[in-house]
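Let us start with two forms of the same protein chain, each given on its own as structure tokens and named structure 1 and structure 2.
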Structure 1
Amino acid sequence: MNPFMRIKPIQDANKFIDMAFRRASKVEPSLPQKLPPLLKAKRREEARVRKVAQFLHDRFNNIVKQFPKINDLHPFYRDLTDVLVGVDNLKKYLASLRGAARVIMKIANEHIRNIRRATDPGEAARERKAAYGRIASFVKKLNERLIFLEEARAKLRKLPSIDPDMPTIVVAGPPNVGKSTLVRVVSTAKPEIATYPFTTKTLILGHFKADSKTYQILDTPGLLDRPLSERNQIELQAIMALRHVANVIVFMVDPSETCGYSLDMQLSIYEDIKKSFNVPIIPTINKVDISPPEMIEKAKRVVGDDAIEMAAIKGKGVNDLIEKFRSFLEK
């Protein structure tokens, strides 16, 4: 399960203030009939201030509790969290929200003490209004943090639900070489495919079964469409994050060049990935049904004669590929 999946939407500051005040306006403490009017007024105003503070205190602490502890995350999720929202920023804003919950209670308690010392109902009401004003002003200053946390939640909950203990194949290569087609074809037996926004990229996660064993297969369109040496820091972090879950990388090339990339460039990317990842790589030559034989041979001279030849869209070579990466995963 994606550890961010169950975090509930986070409201902005004005919404939290409105919710707190609405609930407080309905508070009518049960008081003895014979209680003097002044005591009744003071207890009612105290109860309302306490309701506002307790509501905000609990809501802010619940937000913090819903987020998983960053240091306990699997490296895959920790690195993607850093790429998408920044781990340091997330920790800072969550810690500040926890501190804000304590400050709200401190403000409320100061005014509750003043309410208890009030000499008439009007004074008690003014103290309650003063407490509301201070608390509302303080919460509004938290709005930027609340907005950040809601945006972080929205991004992180869309990450794929990776099972770190399940054998995982990462399909890599330039765009349009047939990676998504492969994921869909091999996942047909158990169609659990979903797309996940990843900065300006997309991850596609699929599952399939073979001989009663379940495998994860992850497509990375757009991530590996140029040499690593030309990528910026965020792109490199994204690729490194995938390294945490890849047991095997299936690298696809398209010798027909209908993908829009020259074969030379594709093979250059393959060499770059091979040097950069300490993970077994299965080279795969796709679209062999529409590729000139001399281009297929050119690809083999770089990726090896044992490369799997495929026409993924027709299912050709898919079973050979499945057997190949099963042999890697079951070693």
Structure 2
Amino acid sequence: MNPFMRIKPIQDANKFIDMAFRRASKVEPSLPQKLPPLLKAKRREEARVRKVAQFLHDRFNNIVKQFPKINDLHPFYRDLTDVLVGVDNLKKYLASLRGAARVIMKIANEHIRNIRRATDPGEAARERKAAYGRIASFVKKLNERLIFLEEARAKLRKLPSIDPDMPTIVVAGPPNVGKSTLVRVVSTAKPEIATYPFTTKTLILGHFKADSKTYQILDTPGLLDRPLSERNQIELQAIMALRHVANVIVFMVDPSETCGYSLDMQLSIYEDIKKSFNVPIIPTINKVDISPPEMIEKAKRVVGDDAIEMAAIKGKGVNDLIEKFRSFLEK
């Protein structure tokens, strides 16, 4: 589901040059016995130059091919790609690698033409070496781009594997209110652990079934747990990418305040998130098993009387939440 998952590690320029030359050194074209020595030498040099160029050409094009088409990316992954590596940069570097593959073939062909015209084996060998030299120095100049692409790959492959087309609940709320507990309780299969840009905490991604349909539920540790005005531009973009996958946001508060945040503080974060996301919000009051009734009432006065009352740890209220979520999907 993560469109960057399958990209293989990308070597640096020196590694590519080494690999190409090593392969070329093993090339032994099968030539007829009776071929004159000069022709044999020329054929061998030509085959080696061709091997170096073809190898690099194919590898570079293969890198480009392994990356998903940026324009076809789902907006969720597109926004996160932009935040992590810059969409324009990525496009530019991929295009330049494709261009470089063509240039390498062109350099090789120039020298192959000269090899064919050579009048002695020494001249053919010199032409082959000249081709190697030009190709190597050209590839070395690509090093920064190759390193950029490798770094991009390493960052992008860590994005969570979300199916953007599957109905999705995003669970938001202050730290320690019980978000991960809810995801674990709801999930039918063992939830996956993932990371998300700009949070150090692990994110939990679960799936559950209702009436034979599958749904996703996604935790957001450290993302929607404080006012968005405290975020910088780049964090905001990473957070706002969630709107592309969230059919609803479950905003959880903890009126027991055992999470370590006052209820007032929690409710002000709720107001802030509600203002900022153009996604329906299902307010959820968790830890009702240990919350004083007057605190639950206080929470309801802000988030609404129809908030789901929950004790996630005991599975209480979880079905009500799923029903409410599904009724939102039908709207």
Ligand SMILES: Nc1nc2c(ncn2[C@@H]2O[C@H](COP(=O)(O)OP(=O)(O)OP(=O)(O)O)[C@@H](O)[C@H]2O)c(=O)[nH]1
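Reference numbering: structure 1, starting with residue 1. We call the rigid core the largest set of C-alpha positions that still match within 1.5 Å between the two forms. These numbers were taken from a predicted model, which means no experiment stands behind them.
- Of the two copies shown, the second one, structure 2, is the form predicted together with the named molecule.
- Hinge motion between structure 1 and structure 2 is captured by two rigid parts, the smaller swinging by 13° against the larger on C-alpha superposition.
- For Ile322, the Cα shift between structure 1 and structure 2 is 4.4 Å when the rigid core is held fixed in the overlay.
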